[in-house]
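Two versions of one and the same chain are coming, encoded as structure tokens; call them structure 1 and structure 2.
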Structure 1
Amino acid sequence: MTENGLVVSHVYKSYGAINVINDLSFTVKEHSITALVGPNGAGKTTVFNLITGTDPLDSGMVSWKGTVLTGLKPYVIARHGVARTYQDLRLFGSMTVRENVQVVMETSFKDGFGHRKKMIRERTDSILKSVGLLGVGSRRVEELSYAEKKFLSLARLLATTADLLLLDEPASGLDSTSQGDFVTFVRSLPTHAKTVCLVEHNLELVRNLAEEVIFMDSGYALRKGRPEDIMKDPELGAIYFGGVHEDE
């Protein structure tokens, strides 16, 4: 394997009789931001499940920075530098905000003692601060607002050492102020040597963020290209807006 970045190659996945992913191939360049767009049910979340090993793929190959991830257990894939958020967040509900970040960091920085405890406390503080949650660190997850929960799910990503970040509809449900904060946040990631692949319905936001767009429908990658070219395509517009409720 010579290619760098994320490589998804000829992947198939079906649930029972339904083919959810069909011969899907795409690449994501290191230190770039790529958006996965397409109507509901196109298979975008499934792609993330296959990359992270949550679900096994039927055939095909996934690799990150030259390491083949196909067939590895989720926790092993995580240790190869892949982290994700979930559309339904999946926070650790019985823990405080701070503990949610802390437990991920403690897993990611397993080695080394000494100043480790202090390092983890300081890093947790700075991560919480960067997403505006430092003041609610001792709250339990259930006491947070929806927007706070979404930013906590991003904070959990920063607590890892992962350099491939998969974001599943991270901005949906945020108001325009929070979306602004979110754009600033995601834009800063490539400068910290992170590679981002995100699923997003808000095309304005995609145009703002992504260098590359992959348009999916029914498990096929229909088009790949620059955001402005993809959005001009009338055929894709028909698929995207035709019959599908657009939440904006």
Structure 2
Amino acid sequence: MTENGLVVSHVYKSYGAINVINDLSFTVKEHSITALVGPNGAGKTTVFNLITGTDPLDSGMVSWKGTVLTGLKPYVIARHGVARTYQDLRLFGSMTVRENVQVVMETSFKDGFGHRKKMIRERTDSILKSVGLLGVGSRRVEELSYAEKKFLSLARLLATTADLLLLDEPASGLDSTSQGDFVTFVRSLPTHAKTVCLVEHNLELVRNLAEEVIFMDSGYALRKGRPEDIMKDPELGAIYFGGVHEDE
């Protein structure tokens, strides 16, 4: 396997008699931002489950930077630099913002305990500053606004040091100001050697963020292209706005 980036090749997944992913193939180049779009039930979140090993493939292959991930345990896939957010944020409400970041942080620094604590503190501060949460680091998560919790979930992703970030509806529920902050933050990630793949229903946000869009329906990748080309396609528009599907 010599191809770089994320490669999803001829993947199938069914749950009982329901085929959710059907011969799905696409690639995401490194240090780019790609969006998966499509109507509810298209299988977008399932794709993230398959990439991260939460659910096993029925057949096909997934690789990241030349390493085949198919069949690996989720924690092994994470060690290969793959991390994701969830629609339910999965934060520790009784812990502080800072503790929520540190609990997912790699702490195996080689030097002594005092140096390790200093490194962890400095790295935590840097991450919180990048998402605009440095000033609330000592607050308990349950005291945060919804937007702050959303950005904390992104901070936790950065703390893993993963370089493939899978964002599942990361901007849902954000007000317009927070959405603007989110766009600015995500746009900066490829310059820090991150690759982003996101599922997002806000098409204007997708237009502002993504370099490429993969349009999915019924578990198939129907089209891949620039956001402006995908969104002006009348056939895809009819599927997106007119299709009747069950929720994912």
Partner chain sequence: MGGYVGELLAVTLIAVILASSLNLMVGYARIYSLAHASMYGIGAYTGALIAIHYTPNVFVVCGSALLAGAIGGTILAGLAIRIRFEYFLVASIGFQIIMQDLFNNLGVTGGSGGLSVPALTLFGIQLTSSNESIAVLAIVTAIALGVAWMVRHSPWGRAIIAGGDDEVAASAFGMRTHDGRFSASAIAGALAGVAGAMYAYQMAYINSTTFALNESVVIMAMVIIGGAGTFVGPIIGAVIVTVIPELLGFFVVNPTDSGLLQTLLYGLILVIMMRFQPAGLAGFFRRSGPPRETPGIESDTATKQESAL
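Quick caveat: nothing in here was measured; it's all calculated off a predicted structure. Throughout, residue numbering runs from 1 along the sequence of structure 1. Superpose the two forms; the largest set of C-alphas matching within 1.5 Å is the rigid core.
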property	result
Correct structure when looking for the form predicted alone	2
Core-aligned C-alpha movement of residue 165 between the two structures reaching 2 Å	no
Shift of residue 177 between the two structures at or above 2 Å (CA, core fit)	no
Large Cα shift (2 Å or above) at residue 79 between the two structures, core-fitted	no
Following rigid core superposition, Cα shift of residue 94 between the two structures in Å	4.6
